[in-house]
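The form predicted alone is given below as one chain in structure tokens.
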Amino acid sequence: MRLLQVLPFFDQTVDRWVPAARVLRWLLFLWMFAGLFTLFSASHHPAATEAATPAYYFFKLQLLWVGLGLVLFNALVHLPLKVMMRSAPIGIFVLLGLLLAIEFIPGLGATRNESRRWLTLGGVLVQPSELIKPFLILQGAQFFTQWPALSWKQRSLWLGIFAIVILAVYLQPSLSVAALCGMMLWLLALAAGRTWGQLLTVAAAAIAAALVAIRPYQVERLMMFVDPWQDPQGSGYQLIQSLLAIASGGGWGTGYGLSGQKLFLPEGHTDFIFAIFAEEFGFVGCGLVLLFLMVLSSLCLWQANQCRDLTLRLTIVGTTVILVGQSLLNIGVVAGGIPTTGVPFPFLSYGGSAMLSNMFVAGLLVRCFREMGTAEVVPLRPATAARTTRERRRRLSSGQVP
């Protein structure tokens, strides 16, 4: 039985956690199981046609990644945040080295859909740009917490490292992940109280750099986003099929497993899995997903607002941005609200590196909620503060040492 403690479902310490941490834990598990439920339907056809293997090939692999992710998750919720903070620079430098190696060493990276984002290790594809996200959260939270005590040389050093990481991700190319990481760090700076002058300067510089570095195929995607019917059999095909899937769902959907567009929609089990979900569960199902994301983000941001410890607060903000922000970004792409780009839906889309990264971020978020349950970081209520002040005055008036 002791061996089973590595899995969160057999963790006997959960009953002693603060209520918010227990609620968050089950919300994240609900998200994970809903993702497996959706992938089971969406991955059937591509497994049979692309993998030339039994129909549940991708689903079985995802189960393996989920199992590994759950072990990682349960380890992180019991690991002090300060220990994870010390590992953040190491994780960033190792994964940044892999990103640069993939970009500049010919033949090292695996190329898919004109993007070289993967490294083959022992026959397993590893995506460093996904795995680096939790380390960016940790280092970003630590960096902006320590900002007032740092010299301008130290500040410039880490700002430069963050910029190199984002640039390395962009060069794969992966514009969406680079934008997500940049947005997360910018919001951490905002939550840490950086001045609007600093924030707007960084935002303007990032926008200018993006406009200078934009590539012809990205301009083409932008044009197709405006009107995908300009090239319905070429650049606009994927978005058109996605919109047709969403429209086919109607109010209540076609029913689980009955999506017709998954036979035609490229990447229907990865980046565009939400379109399959929308077709099978309709407007009502999509509304429930958005409601779930709203509840989860509200709980996280409410907890962050209650936290006096700045490092914990920033870590909660960063994890929330990565999980919820990436979900909204994916929905925007699938629904044609923003230009088409490759960004997976957390816990729904197929992918080993993405699943491990999401589990890391989820474990980090739950750990923050657990540490908020300690006496040092729970703020005093007004009534408690008033009673403490009255007690001090009474002791002073009676000659006692406060």
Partner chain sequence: MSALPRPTPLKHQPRSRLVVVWLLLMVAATALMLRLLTLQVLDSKELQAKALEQQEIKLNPFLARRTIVDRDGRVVAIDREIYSLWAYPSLIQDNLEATYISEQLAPLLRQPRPDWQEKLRGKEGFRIEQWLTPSEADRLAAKLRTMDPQKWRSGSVELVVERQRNYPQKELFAAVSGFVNADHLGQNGVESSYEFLIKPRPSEAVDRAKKDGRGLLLPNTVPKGVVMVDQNKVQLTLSARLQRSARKALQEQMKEYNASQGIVLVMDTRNGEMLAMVKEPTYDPNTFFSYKQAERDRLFRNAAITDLFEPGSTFKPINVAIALEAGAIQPDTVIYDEGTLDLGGGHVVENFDLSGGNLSIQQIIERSSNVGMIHIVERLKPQVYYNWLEQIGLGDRTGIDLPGEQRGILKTFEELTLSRSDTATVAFGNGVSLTPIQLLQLHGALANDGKLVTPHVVRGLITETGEDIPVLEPRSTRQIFSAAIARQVMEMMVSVVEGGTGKNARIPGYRLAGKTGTAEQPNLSKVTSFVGIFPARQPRYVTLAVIYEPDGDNAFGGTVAAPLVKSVIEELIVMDGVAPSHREEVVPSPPAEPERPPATDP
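If you're wondering where the values come from, they're calculated on a predicted model, not measured in any experiment. Numbering follows the first chain given and starts at 1.
Missing here is the form predicted in complex with the partner chain; even so, the following discussion is about that form.
- Within 4.5 Å of any heavy atom of the partner chain in the model of the complex lies no heavy atom of G67.
- Interface membership of Y256, defined by any non-hydrogen atom within 4.5 Å of the partner chain in the model of the complex, is ruled out.
- In the model of the complex, the partner chain lies within 4.5 Å of some heavy atom of G251.
- Although the partner is absent here, H269 lies well away from the partner chain in the model of the complex, with no heavy atom inside 4.5 Å.
- In summary, among the residues L185, V177, V317, A168, the only one with a non-hydrogen atom within 4.5 Å of the partner chain in the model of the complex is V317.
- A heavy atom within 4.5 Å of the partner chain in the model of the complex is found for one listed residue only; from N74, Q172, Q238, T311, this is T311.
- For the partner chain in the model of the complex, the listed stretch (95-103, 124-132, 202-210, 282-290) containing residues with heavy atoms inside 4.5 Å is 282-290.
- For the three residues Q139, L301 and N305, a heavy atom within 4.5 Å of the partner chain turns up in the model of the complex in every case.
- Along 170-192, a non-hydrogen atom within 4.5 Å of the partner chain in the model of the complex is carried by L187, A189, L190, A191, A192, in order along the sequence.
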